[in-house]
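Okay, here we've got a single chain as structure tokens, the form predicted alone, with questions on binding and movement later.
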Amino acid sequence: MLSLPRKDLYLNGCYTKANSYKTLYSPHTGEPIGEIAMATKEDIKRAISYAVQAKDTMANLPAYRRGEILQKVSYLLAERKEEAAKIISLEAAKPITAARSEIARTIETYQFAADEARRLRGETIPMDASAMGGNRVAYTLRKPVGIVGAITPFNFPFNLVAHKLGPAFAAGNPVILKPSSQTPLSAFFIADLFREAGLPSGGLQIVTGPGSVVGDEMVLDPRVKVITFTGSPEVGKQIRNKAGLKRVILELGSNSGLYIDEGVELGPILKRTVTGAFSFMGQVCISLQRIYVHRSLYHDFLKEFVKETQTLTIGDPLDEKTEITSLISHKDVERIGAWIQEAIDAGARVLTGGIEGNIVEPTVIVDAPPKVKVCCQETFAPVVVIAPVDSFAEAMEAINDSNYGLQAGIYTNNMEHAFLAAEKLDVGGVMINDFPTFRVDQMPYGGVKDSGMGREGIQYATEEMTELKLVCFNRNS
């Protein structure tokens, strides 16, 4: 038998053996693909201590040097992009074409972070706008907040890590990263690139293990000043409750809704909506989960949507033709199977779909009561619910009838409806004439309600990871 590759803890710029290791399995084949270090509380305390030692070094890095390091990582990742894409496919079962797309985005994300490092700035304050401020000069500075604890999910193991590391390093903060237990290989790969790019020792620690050990210790330790987390609302709420006065950035779940208004030409949007619903098997925070169609278009849209869905290719993630492959775990397959059955028992109909092994075929559901789980919770699976509505107002009410509020979309030829949707939809982002799954990495990204707090997008996250300091000169003396 060939020995499995072993990944140790990454502490103070080098790899450190752990007391125990856990086997990592491929979600698609079920075969072992590596052995991953399991951190103890003592390990995470050591990681925090190393970050404390590196805090001043990171804070004193000049802006041009922070930019150089981030830009170098972007270049190095571009040189090894195919290797990185295959790592994603191996550990997350992401189709290789989608994995390449993620790497292309990650390269851009680090480029944006390099730019932000160079232009992070404050502003002058017009003190004489107040009668008491005469002959005073004031300005603001942005200073690094300190140690950042980052907790990332499996679904975008390179790019969502970049959305934590990029802003933190652009601001001059050290980071302790706890990657998803299913996708640690991507994190170790990027750590090697940062070491090669010249990141100071202790600037990045990677600590793998259960969230109940690693995550809790970071949240509770007062030396960690920011927690940035992407994951489920349940865990996000626990973090928020434990964090006290610690700064918390939460990017949580959604069940994104889309409205297709009367008069919209269906042909150009069919492939786009199918892509929004089923990309990476729906394991995307802004995956299109609920589609509301004006009744005048409903039957035509439904027929064509199902037809387009049935053309998607199911297969091995490393096959160039594959569009749909395994979910991240069999537990998630069982969960979504139970949710679909609950909808059927409540009167819903499944027009296409099915489950085989760890694969959930793209599933289209109609006639689902709005309070069944496939409607009101986040499926994180290739399942979409389609329903007719009789008016724009009804569609807005249906989309807003959710505990989530990350992104929503509307296709319309009516400019008044577009402006009203932008005003009325209770979400962090409204996509006009596009699906809610659209994201580019420089835009402000985040939600309301159970979808989280704070914003990602490099400029916005960098500001979240800094302290604003006022400097005021009195020229009267």
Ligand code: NAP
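Residue positions are given as counts along the sequence shown, with the first one as 1. Because the structure is a prediction, the values reported are computed rather than measured.
Just so you know, the form predicted together with the ligand exists too; it's not on screen, but the next bit is about it.
Colleague: In the predicted bound form, is there a heavy atom of the ligand that lies within 4.5 Å of any heavy atom of P210, even though the partner is absent here?
Modeller: Result yes; P210 sits at the interface with the ligand in the predicted bound form.
Colleague: Do E378 and the ligand share at least one heavy atom pair within 4.5 Å in the predicted bound form?
Modeller: Within the cut-off, so yes.
Colleague: Please determine whether G202 contacts the ligand in the predicted bound form, using a 4.5 Å cut-off between heavy atoms.
Modeller: Flag for G202 set to no.
Colleague: With the cut-off set at 4.5 Å between non-hydrogen atoms, does F158 touch the ligand in the predicted bound form?
Modeller: Residue-level check for F158: no, no contact with the ligand.
Colleague: Can you check 236 to 244, 130 to 138, 71 to 79, 384 to 392 and let me know which stretch has heavy atoms within 4.5 Å of the ligand in the predicted bound form?
Modeller: Checking each option against the 4.5 Å cut-off leaves 236 to 244.
Colleague: So the ligand isn't shown here. In the predicted bound form, which residue out of I190, L252, I324, A171 has a non-hydrogen atom within 4.5 Å of it?
Modeller: Spelling it out, the residue with a heavy atom inside the cut-off is L252.
Colleague: Could you tell me which one of F305, F154, F194, F280 places a heavy atom within 4.5 Å of the ligand in the predicted bound form?
Modeller: Only one listed residue qualifies here, and that residue is F154.
Colleague: Would the ligand be touched by all three of Y10, S101 and L185 in the predicted bound form, meaning a heavy atom each within 4.5 Å?
Modeller: No, because Y10, S101 and L185 lack any heavy atom that approaches the ligand to within 4.5 Å in the predicted bound form.
Colleague: Are there residues in 452 to 475 with a heavy atom within 4.5 Å of the ligand in the predicted bound form, and which are they, in order?
Modeller: Result: empty, none.
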